[in-house]
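The chain below stands alone, shown as structure tokens; this is the form predicted alone.
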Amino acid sequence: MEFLDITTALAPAEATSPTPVDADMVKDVVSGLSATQKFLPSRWFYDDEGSRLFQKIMIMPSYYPSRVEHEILVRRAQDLVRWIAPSSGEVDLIELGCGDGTKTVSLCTALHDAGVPLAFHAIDVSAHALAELSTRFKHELPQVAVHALRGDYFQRWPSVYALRKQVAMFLGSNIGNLPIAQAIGLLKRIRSRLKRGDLLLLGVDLQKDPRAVLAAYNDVEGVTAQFNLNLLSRLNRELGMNFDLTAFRHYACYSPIDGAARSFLVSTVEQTVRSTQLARTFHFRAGETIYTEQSQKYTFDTVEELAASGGFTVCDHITDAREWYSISVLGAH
């Protein structure tokens, strides 16, 4: 992981380098596939192919979270600008898991048009996503200084000026992918990087008609299924595993009781999967599942409880007209 200037040709350099074995991935795979309820952390979805597939998911008619979040960033940009820059001071805008910049460029444009002195720090694990972000900002907003950092936002933070206001952004309802204890832990880590008076813009998906939620994670076109199965392709490539993708199926469900949408991969046959890198085998019964993702849906009350546990105060909930989604403004106190 290293700092990369926005002009760096990311993708070609990555294409010629062999993928090293990631020690964290090894740990997660061994523990996850050895558990009684097998699981794989969702953070491993986002290799370059996973990022491409997720870009397709975001424009699916049934996948409302990205569309509604983008709508808030565009239609309520001035409300966000007032929170981000109530004065004329310089701002470091730091996006954790920036993707290709499709949504963020509209907010950065509003900040630039309001005369806010701005530096945008974009963090993502995908070289492909950062390359697309680079191109987008060059074409649409070349006036904004962009600093791209390829790496895991769980572990890294950009270099910023101590006297500038920091505004971190964690959008896409990615906080909902974490169990509550891990979500609180992440908020605490973010809070430790911020000064009193800095902000976190937290994208959260709100509870709604369960049919709308389920459709978002089980599209009839099957793109979400491809995205889920690509996780196994990545393990085959990077850990020398021999998952047969035709022997697994995507399954999604939503529970209104606890507000959690969950995704699984289901083994359709009894089978044993081997890994040359790990020198391990993992047995699957027919019908056994791998738990791959949780996507938590919140209420305003649960967002406020989460924020308080992480060391923040909720300043505002900026929502769409139907209150399906919120970009909640959290203040570091």
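All residue numbers are counted from 1 along the displayed sequence. All values reported here derive from a predicted model rather than from experimental measurement.
The following text describes the form predicted in complex with a small molecule, which does not appear among the structures shown.
Q) Might residue 172 be said to contact the small molecule in the model of the complex, defining contact as any heavy atom within 4.5 Å? A) Although the small molecule is absent here, residue 172 would touch it in the model of the complex, with heavy atoms inside 4.5 Å.
Q. With the cut-off set at 4.5 Å between non-hydrogen atoms, does residue 57 touch the small molecule in the model of the complex?
A. Yes - in the model of the complex, heavy atoms of residue 57 and the small molecule come within 4.5 Å of each other.
Q: Answer with yes or no whether residue 63 is in contact with the small molecule in the model of the complex, where contact means some heavy atom within 4.5 Å.
A: Yes.
Q: Determine whether any heavy atom of residue 295 comes within 4.5 Å of a heavy atom of the small molecule in the model of the complex, and answer yes or no.
A: Answer yes; at least one heavy atom of residue 295 falls within 4.5 Å of the small molecule in the model of the complex.
Q: Please state whether all three residues 177, 217 and 227 have a non-hydrogen atom within 4.5 angstroms of the small molecule in the model of the complex.
A: Every listed residue reaches the small molecule in the model of the complex, so yes.
Q) Exactly one stretch in 268 to 276, 28 to 36, 49 to 57, 301 to 309 has heavy atoms within 4.5 Å of the small molecule in the model of the complex; which is it? A) Selected range: 49 to 57.
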